[in-house]
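Shown below, as structure tokens, is a lone chain in the form predicted on its own; questions about how it binds or moves come after it.
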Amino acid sequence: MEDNNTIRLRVFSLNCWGIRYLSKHRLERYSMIGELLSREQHDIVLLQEVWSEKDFLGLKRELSSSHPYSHYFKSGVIGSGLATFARHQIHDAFLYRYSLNGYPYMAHHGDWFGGKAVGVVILKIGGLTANVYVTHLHAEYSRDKDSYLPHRVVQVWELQQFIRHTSGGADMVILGGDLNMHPQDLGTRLLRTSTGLLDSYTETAKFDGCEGGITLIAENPFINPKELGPFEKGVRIDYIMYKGSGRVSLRCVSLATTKGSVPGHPFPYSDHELLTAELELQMITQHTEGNRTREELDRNAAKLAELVDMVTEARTEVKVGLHCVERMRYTAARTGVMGLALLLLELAIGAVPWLALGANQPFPRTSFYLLGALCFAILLTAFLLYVFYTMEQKSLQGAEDQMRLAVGSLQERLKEFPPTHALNSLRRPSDDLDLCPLEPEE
């Protein structure tokens, strides 16, 4: 490696909490964010919860000099909330919307209306190709009874699939966003292990910020401490992850987060703390092929065995969700049949005066129409829920099928290792590898 091949990149990530008419001090905070970005001039800016395109356009005007390239990812009813700004030219962009994203009737949570997704922009940095991803996963509203866990596991599965299948030609990969998962949660571990991405907090040489790298802190005035549950100080759910390639070595030189209110202002930038990571890129000028040592084989076998366990665990969570949705689908069908029976009975009662000449209507007209409207509403609601649960069931089944194929493929690859290495992989903890386990070996 040579020093003149070194490039420094500053990456910024923030959940902006930009809900129009609901988020407190939204316009003032966007002004503060724009001022900070103009002053600091980060190379890559990854924003979440920019729910209003008008707010995005306002930031775009303010950052036209410091960050001339930008992209806003549109999705769902109110948008994905994802936006990217860059000092380097954006050559391509693409959005993948997750197949599962909560329930439309849980309007007070609002995740379904946001159309959660992952967006990717492709940049050229010093002749190198960088795939930069930004995402925002479904929120966790209850740690003990998380009814959205299967949805979030499927989102992570689709996220890692999307990254692996779109980053094959990239020299470097950067992911930023609000994952709504703790570092040791199944989804976070699965994402890191399957893609080979490194967590900037655990890899950085220098850290300046909240204890434990938490990004949702109790001291934030926009946070209700009761929502943090057993985590009195806060939780770490926002991340910047990265990995290099055969051409580029990538490491995190420093990582910083804010600590609540901004100096000189009465409130912070958002209800989340922002992250700024400084990454150092170095070109790999020489690459020597050699025989793999026993230690390297052990590490690779251990990594594959660990990944088999994690995919199996994720598959179990998806099966639990599948069982629940099948039950709800059955309930919706049974309710629909009941509504249809009541509606037919209502029509039969209404036909009595026509079938028996001179007979009077047994019910008051107003009550008769109200009961008919109620039966129709029950039938329509049950039908819509049945359709929605059927779609959810197919998405869960599709993800479970993919996981089953992945487990089979990983187990076949594990058999390629000598028996001693496969056995050692079950006895010793695995270390991080440069090789992405689900990608073809070179």
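Sequential numbering from 1, following the sequence displayed. Computed from a predicted model, the values in this text were never measured in an experiment.
Omitted here: the form predicted in complex with a further copy of the same chain. The next part is about that form.
a further copy of the same chain in the predicted complex is not approached by P68, whose heavy atoms all lie more than 4.5 angstroms from it. Proximity of I78 to a further copy of the same chain in the predicted complex: non-hydrogen atoms within 4.5 Å are present.
Taking non-hydrogen atoms only, Q48 never approaches a further copy of the same chain to within 4.5 angstroms in the predicted complex. In the predicted complex, a further copy of the same chain lies farther than 4.5 Å from every heavy atom of P263. The candidate spot formed by E35, D185 and K243 lies out of contact with a further copy of the same chain in the predicted complex, as no residue has a heavy atom within 4.5 Å of it. Between a further copy of the same chain and the residues S31, Q41, Q397, S64, the one pair within 4.5 Å by heavy atoms in the predicted complex involves Q397.
Checking H108, K226, K145, R365 for any heavy atom within 4.5 Å of a further copy of the same chain in the predicted complex turns up a single hit: R365. Comparing 134 to 142, 331 to 339, 299 to 307, 83 to 91 against a further copy of the same chain in the predicted complex, the single stretch with non-hydrogen atoms within 4.5 angstroms of it is 83 to 91. Along 364 to 384, these residues reach a heavy atom to within 4.5 Å of a further copy of the same chain in the predicted complex: R365, T366, Y369, L370, A373, L380, L384.
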